[in-house]
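Encoded as structure tokens, the following chain is the form predicted on its own, with no partner shown.
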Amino acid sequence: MKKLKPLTRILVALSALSLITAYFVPLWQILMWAPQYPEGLEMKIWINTLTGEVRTISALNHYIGMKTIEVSMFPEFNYMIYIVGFIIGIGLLASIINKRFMLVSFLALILAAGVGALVDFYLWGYDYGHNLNPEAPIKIEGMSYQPPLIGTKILLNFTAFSGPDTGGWIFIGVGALLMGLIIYEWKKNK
């Protein structure tokens, strides 16, 4: 089994340690604008909580039959800190074990976590936007209000945006760096 170049080992360790920021910065953001809210409303998704104008967004969503947004509706918040800790541990282990298969494993774990998070967010958004209270004050037949997974979407008079925040961009950057390191290792050992 091929050993990693010294530069690769250092960068793998630094990239794993950079994921510690996930405990201190938001991972995802949802922003909303409407004529009555030109300054916008924001909701930040952290590793174990929500911040921003969550109550205002929930109150507005109530009118179209959406559930109240509460931290308790996200069981993921109870175990995300452990998943991120495990990913960091695997990254550090990859730099210590010094084998190419561990570098590939670290990247695969980052990619699996990213895909898993997006699938989970999509399923939550689908449920949140489709399972509406039939007693809602505002009902538009056949209308659903699923927030965008990534990007911008018009929902009635609101423009909603969903995308990575600081922590999410760090995860994306780590994934890109690991991909680059795998290519670097492959070319250096060819």
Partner chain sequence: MKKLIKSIAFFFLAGSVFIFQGCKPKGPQEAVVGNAASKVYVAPGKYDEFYNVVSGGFNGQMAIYGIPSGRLFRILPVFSQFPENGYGYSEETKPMLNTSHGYVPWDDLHHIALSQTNGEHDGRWAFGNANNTPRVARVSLRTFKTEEILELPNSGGNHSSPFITENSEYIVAGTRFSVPIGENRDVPISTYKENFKGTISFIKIDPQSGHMSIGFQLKTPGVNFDLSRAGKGPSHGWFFFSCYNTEQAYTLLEVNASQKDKDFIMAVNWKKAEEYIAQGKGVKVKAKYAHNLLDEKTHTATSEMMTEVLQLDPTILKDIIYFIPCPKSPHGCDTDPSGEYIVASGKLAALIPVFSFAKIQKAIADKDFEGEFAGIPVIKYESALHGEVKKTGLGPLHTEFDEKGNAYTSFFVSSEIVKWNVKTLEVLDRVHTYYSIGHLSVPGGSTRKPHGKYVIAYNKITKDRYLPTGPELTQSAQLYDISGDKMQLLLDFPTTGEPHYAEAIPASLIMPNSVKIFKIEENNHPYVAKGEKETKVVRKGNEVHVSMTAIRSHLVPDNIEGIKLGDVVYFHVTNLEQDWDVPHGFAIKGAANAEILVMPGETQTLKWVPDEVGVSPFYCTDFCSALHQEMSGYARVSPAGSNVPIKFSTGVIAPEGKGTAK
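Computed from a predicted model, the values in this text were never measured in an experiment. Numbering follows the first chain given and starts at 1.
Just so you know, the form predicted in complex with its partner chain exists too; it's not on screen, but the next bit is about it.
E70 falls outside the set of residues with a heavy atom inside 4.5 Å of its partner chain in the predicted complex.
Taking the partner from elsewhere, L93 is found to have every heavy atom lying beyond 4.5 Å of its partner chain in the predicted complex. Put simply, Y23 is far from its partner chain in the predicted complex: not one heavy atom of it is within 4.5 Å. When contacts are judged by a 4.5 Å heavy atom cut-off, L123 does not count as touching its partner chain in the predicted complex. Applying a 4.5 Å heavy atom cutoff to its partner chain in the predicted complex picks out P38, E39 from 38-53, in order along the sequence.
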